[in-house]
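Read the single chain below, which is given as structure tokens and is the form predicted on its own.
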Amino acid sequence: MEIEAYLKKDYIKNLVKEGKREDGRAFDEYRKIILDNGYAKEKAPGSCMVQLGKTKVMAGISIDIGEPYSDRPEDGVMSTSTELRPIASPKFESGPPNEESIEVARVIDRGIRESGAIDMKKLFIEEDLVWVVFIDIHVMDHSGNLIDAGGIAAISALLNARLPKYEDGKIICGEYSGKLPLTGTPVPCTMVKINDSILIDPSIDEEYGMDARLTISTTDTINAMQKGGNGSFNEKEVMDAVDMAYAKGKEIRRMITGD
């Protein structure tokens, strides 16, 4: 960890001891969330730009035909990737996906996949041929909590994605046959432990100061959980985090769906 991060870690820990956050939020309060659905509608069948505080993430959906997995011959396929653009942070570099990029993509993918948000059975076309859904997440500005920003962008983009028209063995460019078959709206909520306190939606400085991180993806049930960092959570802290994830996930879900 660079010297700047060490200095910020000490500063953040001292603030949290005083019951404060550097931006004035309560420990259970998200930064402002702004959704821009269809952000890249001219280039992708589904897209969304999400601004979470100063963090900006764009998710684009692309859909193609391909072969199913051998153990699920009648199910469609989903693939998630994350690109950490150098313009988003001085610590990001061009090149193949690094450990952080892979982790963000996997946590977001797991939350969507384990919720069954996409009805994979309805992506079957014919024997040995299914729809393949690619979720491409691009980090435009990194100010903390890429998992939640990326997860919200991904499910929002999936909700407005259109399924290409397939006819006579080929995709008809520019024509669509309807929406993707979705069954739910999973929302990831990420919390960090600093000292003995749990804070939701960590800023980048709070990520420097964290002892451990926990992401919980929910619909009307828990879909996935992922821990990060070197520290640990006790049983009560985990249960408190679950309660917070349900409450905040419900609020964000209403924002995404408009219900």
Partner chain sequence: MSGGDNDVVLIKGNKRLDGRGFDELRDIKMEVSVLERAEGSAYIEWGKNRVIVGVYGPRELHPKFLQDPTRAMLRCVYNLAPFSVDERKKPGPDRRSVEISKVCAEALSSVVMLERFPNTVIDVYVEVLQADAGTRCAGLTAASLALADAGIPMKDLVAACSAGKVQGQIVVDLMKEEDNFGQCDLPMAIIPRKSEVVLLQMDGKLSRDEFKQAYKMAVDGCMKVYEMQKNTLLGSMNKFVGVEGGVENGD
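On a predicted model such as this, the values are computed, not experimentally measured, just so you know. Residue numbers count along the first chain shown, from 1.
Note that the form predicted in complex with the partner chain isn't included here; everything after this is about it.
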| item | value |
| --- | --- |
| Full three-residue contact with the partner chain in the predicted bound form, heavy atom 4.5 Å, for Asp119, Ala247 and Thr257 | no |
| Contact test in the predicted bound form: Lys32 vs the partner chain, heavy atoms, 4.5 Å | no |
| The partner chain contact at Ile222 in the predicted bound form, heavy atom, 4.5 Å | yes |
| Any non-hydrogen atom of Glu67 within 4.5 angstroms of the partner chain in the predicted bound form | no |
| Partner contact for Ile200 in the predicted bound form: the partner chain, 4.5 angstroms, heavy atom | no |
| In the predicted bound form, residues of 62-85 near the partner chain [heavy atom within 4.5 Å] | Ser62, Arg72, Thr80, Ser81, Glu83, Arg85 |
